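In structure tokens, one chain follows: the form predicted alone.
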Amino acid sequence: QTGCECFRFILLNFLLTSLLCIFSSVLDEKLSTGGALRNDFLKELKAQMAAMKKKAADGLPSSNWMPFEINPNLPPETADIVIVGGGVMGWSIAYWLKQKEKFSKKMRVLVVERDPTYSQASTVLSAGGIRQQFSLLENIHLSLESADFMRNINEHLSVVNEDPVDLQFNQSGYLFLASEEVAHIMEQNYNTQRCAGAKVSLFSPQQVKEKFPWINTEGVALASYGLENEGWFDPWSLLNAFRRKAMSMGVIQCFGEVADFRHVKQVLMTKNGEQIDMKTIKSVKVQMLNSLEYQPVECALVVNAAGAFSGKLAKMVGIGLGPKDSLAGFSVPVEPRKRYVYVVHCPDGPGLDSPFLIDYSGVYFRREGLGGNYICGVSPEEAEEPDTSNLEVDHQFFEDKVWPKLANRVPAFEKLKVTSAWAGFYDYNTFDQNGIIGIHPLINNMYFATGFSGHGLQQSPAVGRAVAELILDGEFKTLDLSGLSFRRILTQEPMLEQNIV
């Protein structure tokens, strides 16, 4: 019998006993009155007892009757894998887990997402760019693999009797502009990118002016332009395509918030005599939204794909709460960083040939659809990071920090109008601005896919496959991403990415 069935049975017995006590009391009173009333009462009692007997029979464990309504949105009581975070990264991992499943096809995968509207999800609030112009081989390979996946997306994510996936992938390239001070770094990155197979070309200021005459090349010493597999796409379409496909393969979706973990601990000793607490997560407590109701979900392993809030999630199982000079004292160095995206209208702007331009000042822009619309922004200085307690937009930031640099690089933008704006969170890795992929050394069944610092969306197809390989195969098969493991944080050896936008 399940817990609910036992509860129903006990509750019905209690109700039946209580009612019999009441009837017994009433019976004593009735029997002291006249015969007519006694006969009426006996008929009424017989009818009520028959009704109670039927209800009791209906309430036996084989019945579906329940005195209280069961919340249909509760997650299952058990799952093999719980993925915390229903953004594009979480759904990519879920898809690849089912795609790679080898045996009975009965692996139960649960994806828990805290925002059912996705109105505050980092995925859908991003600028939607994809590029291979990185400084690290791991990031270049991840984006190359992801671009190939996106170009052939319907071979992977099509669903029978559903419309084909349309990412609105605009392959207009990225154009990075470098000053004299950083031109040598751009050349080094270019050589790395070409060796990795990326189609990139270096332009002199004169070549930039010839190809894009609307650019003011003052101060530009060198430019790098992506010839293939770079541009932008619709983030929501990619997320929804992964979600739709994964659910068609049996992945379970739940809207709720992970409130706690139940874990067991095994004490180990190092050669140096240091005590290490090795933990294993046994269940995840999922709190239903706007409710006191919750469901513990027993599971074999957990994937932390909670994005900007993955560091907070890790603390629930004690990561980073130990002594600072111990392994348990290393926290997951991921926190939310708020970024503003502004939509501007400029009828005389660059036009259809506009690439995704990244100026050496940090300002970026790209075309948004047709009709003279563009999106733009810039990352603030470290000392000026905005408040992350909300997603309100600072419009003065555009006036002071974005527009002057934008208009300097593209004079046509001196005349523009801000038509809308939004803010979203980066899952910012404060250690080295790179993704953290793999299992935590002190939690033997918690895997991470977080900390991508703005390039997680574009790399999600390849990262999802890598995490699935690590879980099901025990090692990376397609791309060697061992350099992005948690180990580099423990050894304090950052893998710094030079090209962070």
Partner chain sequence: FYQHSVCPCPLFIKSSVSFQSLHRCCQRAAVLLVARRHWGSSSASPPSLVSRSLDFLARRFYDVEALLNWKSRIGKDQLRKKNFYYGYTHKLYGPDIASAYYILNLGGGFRFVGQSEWFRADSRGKFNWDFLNYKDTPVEEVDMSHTIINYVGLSNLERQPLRTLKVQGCPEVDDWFLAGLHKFQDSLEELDISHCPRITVGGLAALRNLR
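Residue numbers count along the first chain shown, from 1. Everything numeric in this text was worked out from a predicted model, so none of it was measured.
Another form exists, predicted in complex with its partner chain; not displayed. Remarks below refer to it.
**Student:** Under a 4.5 angstroms heavy atom criterion, identify the one residue in Leu321, Leu227, Ala259, Val343 near its partner chain in the model of the complex.
**Tutor:** Checking each option against its partner chain in the model of the complex, the one that comes within 4.5 Å is Leu227.
**Student:** Which residue among Arg339, Arg367, Arg243, Arg131 has a heavy atom within 4.5 angstroms of its partner chain in the model of the complex?
**Tutor:** Result of the distance check: Arg367.
**Student:** Do Gly173 and its partner chain share at least one heavy atom pair within 4.5 Å in the model of the complex?
**Tutor:** Contact with its partner chain, yes.
**Student:** Taking its partner chain as it sits in the model of the complex, is Asp400 in contact with it (heavy atom to heavy atom, 4.5 Å or less)?
**Tutor:** No, Asp400 stays farther than 4.5 Å from its partner chain in the model of the complex.
**Student:** Taking its partner chain as it sits in the model of the complex, is Glu181 in contact with it (heavy atom to heavy atom, 4.5 Å or less)?
**Tutor:** No, Glu181 stays farther than 4.5 Å from its partner chain in the model of the complex.
**Student:** At the 4.5 Å heavy atom threshold, is Arg151 in contact with its partner chain in the model of the complex?
**Tutor:** Flag for Arg151 set to yes.
**Student:** Taking 4.5 angstroms as the heavy atom distance cut-off, pick the stretch from 424 to 432, 72 to 80, 358 to 366, 151 to 159 that is near its partner chain in the model of the complex.
**Tutor:** The contacting stretch here is 151 to 159.
**Student:** Thinking of Lys265, Ile436 and Leu490 as one candidate spot, does its partner chain come within 4.5 Å of a heavy atom in every one of them in the model of the complex?
**Tutor:** Looking in the model of the complex, the three residues Lys265, Ile436 and Leu490 all stay beyond 4.5 Å of its partner chain (heavy atoms).
**Student:** For 198 to 223: residues with a non-hydrogen atom within 4.5 angstroms of its partner chain in the model of the complex?
**Tutor:** Stretch hits, in order: Lys199, Lys211.
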